[in-house]
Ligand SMILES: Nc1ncnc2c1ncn2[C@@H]1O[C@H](COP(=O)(O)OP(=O)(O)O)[C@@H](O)[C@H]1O
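First, one chain by itself in structure tokens, the form predicted on its own.
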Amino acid sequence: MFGTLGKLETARLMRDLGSSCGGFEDIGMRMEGEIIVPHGGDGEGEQLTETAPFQQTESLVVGYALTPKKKNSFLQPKLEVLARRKGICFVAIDLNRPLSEQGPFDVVLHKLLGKEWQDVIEDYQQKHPEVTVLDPPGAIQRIHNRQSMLQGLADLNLSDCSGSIFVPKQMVVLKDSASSADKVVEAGLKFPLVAKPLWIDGTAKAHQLFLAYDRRSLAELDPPLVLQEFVNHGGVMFKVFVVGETIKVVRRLSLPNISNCEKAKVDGIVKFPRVSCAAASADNVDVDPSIAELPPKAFLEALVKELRILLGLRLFNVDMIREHGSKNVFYVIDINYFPGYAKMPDYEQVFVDFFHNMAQAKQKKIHCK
């Protein structure tokens, strides 16, 4: 039957068959030759040559509920191509229909805010325990609050590792920033202080950071917020990306050290941009090797293992800094759920392997019954 079809008819047929998984036409797939996959959003392409047919032995259906911005950044064409080769299919969840009427799904991947969605996914999880939900809404909610985000980190059992982890001294201001000056002193916090919004609500404002140099400057800040003691760290931050068992670390430029002389001369508040964006890579910048050296592998593995248990998450990243003048004294300053993985090297292959392992586990479970 297929032998009698021309190339155009074959392409149309394959397009229709592929539409349930996003559609082959959506990624510009050619029926013969190579696939040109846009990479990095710069208009250039990366060539992926098809050398083998798609593997459908461990099929896995991943239903996703993501904001348009998150979908565009995460579901890159290269990811979809590599996933299809392993029999992994991404299907958009229709938010206007009951979730239980959709699917069936093997995995639900989500990053939506709001109590309504949390109730929906928790109800679905209860009714469909066989489906893997990435990740539990209750666990995600914890790190949407910068007060609860870092709780318990200082108590992690890392005694046998070549490094130690701390959390900067911090306090929460729910209202009236001006009157918080005395409480800052009582709490033993020293200026300058990093001021961050208390809630991570998906808006740009949630990532606005300020540096407050003195008591008077606190009156200019809008609560609710978290005041965090600034730790000199040589202007380099480490973003530790976690995808299941996989750990990837990238360096980012951060705020430079603040000297005692500068503290005495500067007052007021200073707004600074998101210093950890991909454009602020520290890999090709002349930085002191002792500052830019990545945290020890064994230390990171132990830390992430403990964090998976503490947070109950499989998809997250940790922002860490090394205390200036120390070798392996680190501070965790932020944790993010389902971060911008497109900034992580080879994120497409990492996620394909992550989902492929799930598919294999699914098949193994079926065969063992």
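Note that residue numbering begins at 1 and tracks the sequence as displayed. Just so you know, these numbers come straight off a predicted model, no measurement behind them.
Another form exists, predicted in complex with the ligand; not displayed. Remarks below refer to it.
Report task. Find out whether any non-hydrogen atom of residue 302 is located within 4.5 angstroms of the ligand in the predicted bound form, and reply yes or no. Result -> So residue 302 does not count as contacting the ligand.
Query raised in the report: At the 4.5 Å heavy atom threshold, is residue 84 in contact with the ligand in the predicted bound form?
Result: The answer is no: residue 84 has no heavy atom within 4.5 Å of the ligand.
Query - Proximity of residue 135 to the ligand in the predicted bound form, heavy atoms at 4.5 Å - result: Residue 135: no, not in contact with the ligand in the predicted bound form.
**Report entry** is_contact(residue 209, the ligand) in the predicted bound form, heavy atom dist at most 4.5 Å
**Finding:** So residue 209 counts as contacting the ligand.
Query - Heavy atom contact within 4.5 Å of the ligand in the predicted bound form, the stretch among 117 to 125, 228 to 236, 172 to 180, 88 to 96 - result: In short, 228 to 236.
Requested in this report: State the residue from 196, 110, 251, 78 whose non-hydrogen atoms include one within 4.5 Å of the ligand in the predicted bound form.
Outcome: By the 4.5 Å criterion, the partner-contacting residue is 196.
Query - Among the candidates 240, 153, 255, 243, the residue which, in the predicted bound form, approaches the ligand to within 4.5 Å (heavy atoms) - result: Contact residue from the list: 255.
Query raised in the report: Listed by sequence position, which residues of 319 to 351 have a non-hydrogen atom within 4.5 angstroms of the ligand in the predicted bound form?
Result: Heavy-atom contacts to the ligand in the predicted bound form: 319, 321, 333, 334, 336.
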